[in-house]
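Shown here is one chain on its own, the form predicted on its own, set out as structure tokens.
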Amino acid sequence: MYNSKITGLGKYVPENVVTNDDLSQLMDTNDEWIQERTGIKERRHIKKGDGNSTAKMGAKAAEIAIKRAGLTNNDIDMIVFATLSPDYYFPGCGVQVQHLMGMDTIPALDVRNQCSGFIYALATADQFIKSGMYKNVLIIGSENHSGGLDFTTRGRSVSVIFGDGAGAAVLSREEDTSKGVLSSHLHSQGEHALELSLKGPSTEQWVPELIENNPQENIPYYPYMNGQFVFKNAVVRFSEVIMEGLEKNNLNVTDIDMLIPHQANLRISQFVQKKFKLTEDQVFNNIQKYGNTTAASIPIALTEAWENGKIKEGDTVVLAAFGSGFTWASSIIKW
């Protein structure tokens, strides 16, 4: 029997900082309105010509994670890449990273579970390692949101929230089964799929049909979010899936050393923190700087928390996410 353990972490965000005041020049909004509703002060956006893409940012984060794991690219047995914003409709970003990093012909798997994507990817990699099939799996969450957002007043409720960036982790075989990923818990509820979605273009409506059947100002190229409905479901599911993980491992809320929630909205994180009576030192948030980076948010936050010395050996670390699908998930890790 094996466990899997995070042996290396890395993150990459574009240099281009976009503040709330910058967005107020493009749409009817302001810094106070955005911070009050989301907690976000700024985010990073890819800038044309800066050499970034979803796959390229993922590779940059991965390079750091592999180095910190004390490994080389040739030591990686598999890639699991989570994103909702791949460079192409197909193929996926995983094979691009395999090529960009000059790796051998290892398998590359893409995960399309949006905000829960990184935990789904972690759970998948964990099972490959526990089965004995692979020893070192590279997990990446990366997003390029800025290229597909509506930066007008019409789209402000969504476009002020999201940012670009990537995070990566190396998951490696661990013979001490008291350490590493103790368990992961995955859920979905497809009846609410369209409450947070991007419907087109798709195989249901390719571009010509979209243009023919919709007024020019209403073509569904942009994401839709039923904000209040998503918020209400998120706070319930976050709490449920965290408790599910703790109970599975005979742990209590008081055993949590660090909670890394998906950075969807600072108000959601604060609600969960208050419900579980956790201190500021037990919850890590960086949405203020980066916005919601979807599949990248947990690995970016996990990397920063570790870099800042907030996670140490022996700590119980809880990852939790909720998002489009609806999907939600948690992982309990003994660092």
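Residue numbers here begin at 1 and follow the sequence given. This is a predicted model, so every value here is computed, not measured.
The protein also exists as the form predicted in complex with a small molecule; that form is not presented, and the subsequent description refers to it.
Here the marked residues T29, W33 and M225 all reach the small molecule in the predicted complex, each with a heavy atom within 4.5 angstroms. Between the small molecule and the residues I161, M103, L259, V80, the one pair within 4.5 Å by heavy atoms in the predicted complex involves I161.
Checked against the small molecule in the predicted complex, the residues H192, H185, R156, K135 give one hit for a heavy atom within 4.5 Å, which is R156.
Under a 4.5 angstroms non-hydrogen atom cutoff, the small molecule in the predicted complex has R37 among its neighbouring residues. By the criterion of a heavy atom within 4.5 Å, A264 is counted among the residues contacting the small molecule in the predicted complex. Under a 4.5 angstroms non-hydrogen atom cutoff, the small molecule in the predicted complex has N292 among its neighbouring residues.
Under a 4.5 angstroms non-hydrogen atom cutoff, the small molecule in the predicted complex has C115 among its neighbouring residues. Of the candidate stretches 68 to 76, 247 to 255, 228 to 236, 170 to 178, only 228 to 236 has residues whose heavy atoms lie within 4.5 Å of the small molecule in the predicted complex.
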